[in-house]
Every structure is written in C-alpha cells, then in structure tokens.
Ligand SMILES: C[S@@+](CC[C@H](N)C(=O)[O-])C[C@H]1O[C@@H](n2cnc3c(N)ncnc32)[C@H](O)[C@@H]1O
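Listed next as structure tokens is one chain, alone, in the form predicted on its own.
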Amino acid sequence: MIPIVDEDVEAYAAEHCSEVSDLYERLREETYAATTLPQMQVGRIEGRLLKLLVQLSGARRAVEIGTFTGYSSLSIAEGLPDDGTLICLDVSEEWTAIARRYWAEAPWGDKIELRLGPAIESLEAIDGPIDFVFIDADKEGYIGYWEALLPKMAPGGLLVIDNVLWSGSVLAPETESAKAIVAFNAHAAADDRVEQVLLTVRDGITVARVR
C-alpha cells in the first residue's frame, strides 16, 4: 500500500492516538514477521477509529468481512459492550489462526465468533438487525457485500469500508481491484438508503450511516 498521507504525518498522528495495549503491538509485530502481505493489517489509527465508531454508534451486533490476523476485530470487539457480539467472516484458516490466539488473550475476545468460508454465503445465515459492519476483503466483492448487508442493517447502523482510495489509483484505475473500488464508490455514493463520507484515513475509509 502506497501511503496517501505523508509517512511522517501518519506516524505523528498515530503517536497522538489513544494508547493500545501490548496485545496489539505484539500482534502487529507477528503479522509483519509471519505473513507475506502485512500491509493488509489495519494500524493504530484505523483500529482506534473503529473502536470509537462502535462506541459512538452504541452497536451491540457487529459483522466483519475480512479478518486477516485479527487487529481490526480486536478493535471492534473492544468497543462493544459486555454483551456485544462480533461475527468475523474469512476464508483463511492460516491467517485467522493467528487472530484466534490473540482473541484468546484479550479480555474481550469472547465476544468474537469466526465463520470460515465465502463471506457472501456466510451472510445468508446471519439475521438482522446488525448495528455495525466493517468490510475489508476482496475488492471485487464489495458491491455484493454491501447489497447483502444493507437489508439486514438496523436504522442508524454504520457500515465502514476499507481501502476505498486504493493507494490513490482510483483516479486512474488500471487493475481489476482498482476498477472494482471505483465501481463500489460510485454505487455507495448513489445509494439513498445511507448518508456517507469518504475519509482520507490510511488507504481511504468510507463511513455510511443507514437512514
């Protein structure tokens, strides 16, 4: 991922976010040491943003599509109330095995449930209302996930979508992933079921509130 924000500015911003526990730092270090695409992991800024959005929205039931090694799921679950639940959807046993170990360590890890398999199929078995969604998976699937989730969302629920600027390549898309992101952004912006804002945080984040 090519930084959209200057790296020094990004580092300064991270230093001035609320502190995270050692658990997050160890997970970050292991992800960079043990995986081939560690940049897929959300960082401290995005993780703290996810936790705050969950808390501000009052969410109790959350769904994550694309878990990787678990940093974002830990952040979301930390923001949920004690009786909150987060269902994580992913296809990788290898990467989510790392996530499981860190969930087991976290005092709030028992809020998290993992379901392995194609997310679009797993979503069929999840009933609404859902209060909070984080989408960070295959970019070609974004529109399908959006359409599958919106009818299940609670009024006032939040959908948060990652990588919506795709390292700035949305301005001149050449890859299939970049073209898929451009199509998704247009699709979401035209959807009158939500009000949304596209933020230049990390690789671009859309936050949409269901009307």
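Computed from a predicted structure; not experimentally measured. Numbering starts at 1 and runs along the sequence shown.
One more form of this protein, predicted in complex with the named molecule, exists but is not displayed; see below.
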Using a 4.5 Å heavy atom cut-off, which stretch among 37 to 45, 151 to 159, 167 to 175, 182 to 190 contacts the named molecule in the predicted bound form? 37 to 45
With the partner left out of view, is Leu89 within 4.5 angstroms of the named molecule in the predicted bound form by any non-hydrogen atom? yes
Please tell me whether any heavy atom belonging to Gly117 falls inside 4.5 Å of a heavy atom of the named molecule, as the geometry stands in the predicted bound form. yes
Answer yes if any heavy atom of Leu80 is within 4.5 Å of a heavy atom of the named molecule in the predicted bound form; otherwise answer no. no
Please check if Trp95 has a heavy atom lying within 4.5 Å of any heavy atom of the named molecule in the predicted bound form. yes
Those residues of 129 to 163 which, in the predicted bound form, come within 4.5 Å of the named molecule by heavy atom: Phe134, Asp136, Ala137, Asp138, Tyr145
